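Presented below, as structure tokens, is a lone chain in the form predicted alone.
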């Protein structure tokens, strides 16, 4: 597993060291370790049931870990009470108080902390202005749109000025347009407040467009931590390669040739420009090629014969699925290039040898 590198001049806002939690026979998180620099937007990414919510709840103090430690600002808070951690959490369901108007939903956590009335009024109005909700302060949650409810839930957390803001799939209940708008709003708020954000999502687009660093999770553990570019260009595991990038990486079986530098594949012999760290003749591997690294071959260029299976126009680009050597591959072409292609056509394709990824077939670990 690769670890996040500390940012220049930043302290560590949060550190988890070998945290594990089980519920009966279900392993929610296992041996989880990572650190987040102050002011970072850090994303926990993976499908349902990989341990994202349990991780957030453990950080917040809602769930005590079976083992391991949680540090916030260098202080061990593993068994500390929820209050005093400097943590605020926004849940997927928003969890607004239906009988209170927006003003009182904002004010509630401050009243619980016995904040002075004048300070409450000041911070409620400041928060409402930032979130563009000033005109809705007297409205009840039931009369708000989904986007407005989401902003109220955010505001109720932001008003406490937490050191760390935890967001558990906060955009799941919004439609596509609102999700797009709210992603931009969250990034703006992150820059404005400068707080540390831990954001859990199963949505690849959310992870890549919002996260400064992303932890790709699987079965309660972290497979790789990196920037969006690092995860896309240098996945350390076939699992990461299959989750990051849209369309996802083409993966197919192959075997190492006698020279330990080239591979027998359904597409013929492939020779990656980057040598493998370790490769033994006859060893089973997975070859990975991004759709953007396959193109139509130029005349006279070494090419692989294929047949066009499906065209998916997406405006300025088209995803073209081709069958080659019994494998279905996807490539991304400019719309102008794909315009002359038809389903059933023969197509000669070329693969960028500098962008071939090789993974161990048994372990899934990257070999290049």
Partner chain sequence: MAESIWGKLGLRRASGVDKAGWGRTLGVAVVAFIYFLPVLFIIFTAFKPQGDALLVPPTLSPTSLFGLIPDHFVFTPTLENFGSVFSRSMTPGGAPEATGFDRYFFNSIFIASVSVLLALAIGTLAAFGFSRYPLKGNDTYLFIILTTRMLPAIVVIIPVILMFRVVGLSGSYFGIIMLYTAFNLAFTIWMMKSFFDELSPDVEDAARIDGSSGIRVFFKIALPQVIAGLAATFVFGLILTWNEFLFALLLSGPDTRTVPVAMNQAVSSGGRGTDWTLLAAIETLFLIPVFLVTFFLQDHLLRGVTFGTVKR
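Numbering follows the first chain given and starts at 1. These numbers come from a predicted model, not from an experiment.
Note that the form predicted in complex with its partner chain isn't included here; everything after this is about it.
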| property | result |
| --- | --- |
| Residue contact check: residue 118 to its partner chain in the model of the complex, 4.5 Å heavy atom | no |
| Interface membership of residue 57, its partner chain in the model of the complex, 4.5 Å heavy atom rule | yes |
| Residue contact check: residue 95 to its partner chain in the model of the complex, 4.5 Å heavy atom | yes |
| Heavy atom of residue 89 within 4.5 Å of its partner chain in the model of the complex | yes |
| In the model of the complex, the one of 109, 202, 141, 73 near its partner chain [non-hydrogen atom within 4.5 angstroms] | 109 |
| Its partner chain: the contacting residue among 82, 258, 184, 273 in the model of the complex [heavy atom, 4.5 Å] | 82 |
| Complete contact of 99, 156 and 160 with its partner chain in the model of the complex (any heavy atom, 4.5 Å) | yes |
| Among 59-67, 24-32, 295-303, 38-46, the region lying within 4.5 Å of its partner chain in the model of the complex by heavy atom distance | 59-67 |
